[in-house]
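Next up: just one chain, as structure tokens, the form predicted alone.
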Amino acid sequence: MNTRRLSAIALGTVVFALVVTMALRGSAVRVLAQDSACPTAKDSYTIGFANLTEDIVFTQLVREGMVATAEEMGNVNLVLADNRLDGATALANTENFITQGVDAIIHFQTDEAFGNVIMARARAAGIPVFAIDIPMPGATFFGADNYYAGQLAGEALAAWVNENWDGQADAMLVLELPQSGPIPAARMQGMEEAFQNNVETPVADDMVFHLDSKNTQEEAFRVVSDTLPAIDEDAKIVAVTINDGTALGTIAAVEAAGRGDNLMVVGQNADPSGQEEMIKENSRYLGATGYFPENYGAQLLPRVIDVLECRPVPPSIYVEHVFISADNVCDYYPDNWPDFCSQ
């Protein structure tokens, strides 16, 4: 056999080997693609939702929106639980969700101290977690753009004081929630700083009272009642509050002391209880930054499915905010107050 024929055979052998190798590599790529398909994608999903509490109008609206959206989606079985404003209960609910084999967990829980252990339990079980309004390390955050939400209310309060009290209040009550950590605290910071930066005469530091509201109307009433004796009888008082319930408790305490005419309050959430107060004649509730809790389910549940089906989701998803007052409540909630809105 001549040298030229041997070279041709050798070349053919090399080409054949190359084609076989490429084919094998192509098969390997196809197998790899199949093996790397989204492992959590399913036809239907079981999602645990532990609500903050069932005793607050805002969180009731969140739960109702979640249930309605799950029913509309058709492929979501929602397992409900109540965290009862308590970190230990939230941890117990997490364990129960894991036992039930949920595909994802949505937590609305208030105690920052329990965030790490809740996330450790869920991570060990391979279950993604979404945290509403109060973040947990490693969870996808959904909810308030807290500092901005606070700014909206603080600016509105400063504008009212500039127009109605010659730009000066004598004392400020700050109804906050320390146990929830620095992120929700940002809405309090936003309210306080926006007010002080925009009012003509800022409130003196020693007349700013930071009070732990425990996130409830009852506790707000108690701590404000206890604080009022430290403030002169004729002092003009402004208050910034973590939610509508604490705003209502603040107003009730000041009015019970016969000092309601010298008070103006802003808050957060603008749920129906807050809306009802702000539309009253001579209301001491100027308004609240809206979070639109009735829309949480429609905005969040599709993002949970995105994660379970391996589509990218940002680490933080923020709701839109508007300052709601008697001046614009009919633009957003006309069906809630037909008599008021028909005037």
Partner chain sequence: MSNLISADPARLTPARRRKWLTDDTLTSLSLIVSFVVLCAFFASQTPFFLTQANLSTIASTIAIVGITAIGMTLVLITGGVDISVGSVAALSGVVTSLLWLEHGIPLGVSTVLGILAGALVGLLNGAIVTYLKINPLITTLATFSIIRGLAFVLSEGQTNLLSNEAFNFIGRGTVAGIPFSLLVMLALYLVFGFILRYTAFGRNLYAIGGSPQASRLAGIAVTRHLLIVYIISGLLAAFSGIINVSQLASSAPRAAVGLEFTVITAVVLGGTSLAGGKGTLIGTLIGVIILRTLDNGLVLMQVSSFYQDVARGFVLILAVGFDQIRLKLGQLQRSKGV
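Since we're looking at a predicted model, the values are computed, not measured. Positions refer to the first chain, counted from 1. By rigid core we mean the largest C-alpha set that fits within 1.5 Å across both forms.
From this point on, the text means the form predicted in complex with the partner chain, which you will not see here.
Contact check for Gln179: a non-hydrogen atom falls within 4.5 Å of the partner chain in the model of the complex.
In the model of the complex, none of the heavy atoms of Asn198 sits within 4.5 Å of a heavy atom of the partner chain. Contact check for Gln60: a non-hydrogen atom falls within 4.5 Å of the partner chain in the model of the complex. The partner chain is not drawn, but in the model of the complex it has a heavy atom within 4.5 Å of Lys214. The stretch from 115 to 123, 182 to 190, 74 to 82, 249 to 257 that comes within 4.5 Å of the partner chain in the model of the complex, counting heavy atoms only, is 249 to 257. Shown without its partner, the chain has Asp212, Lys214, Asn215, Thr216, Gln217, Glu218, Phe221, Arg222, Val223, Ser225, Asp226, Thr227, Pro229, Ala230 in segment 212 to 236 as residues with a non-hydrogen atom within 4.5 angstroms of the partner chain in the model of the complex. Here Ser283 does not count as shifted, since its C-alpha moves by less than 2 Å between the shown form and the other one after the core is aligned. Taking the rigid core as fixed, one finds a CA shift for Leu85 of 2 Å or more between the shown form and the other one.
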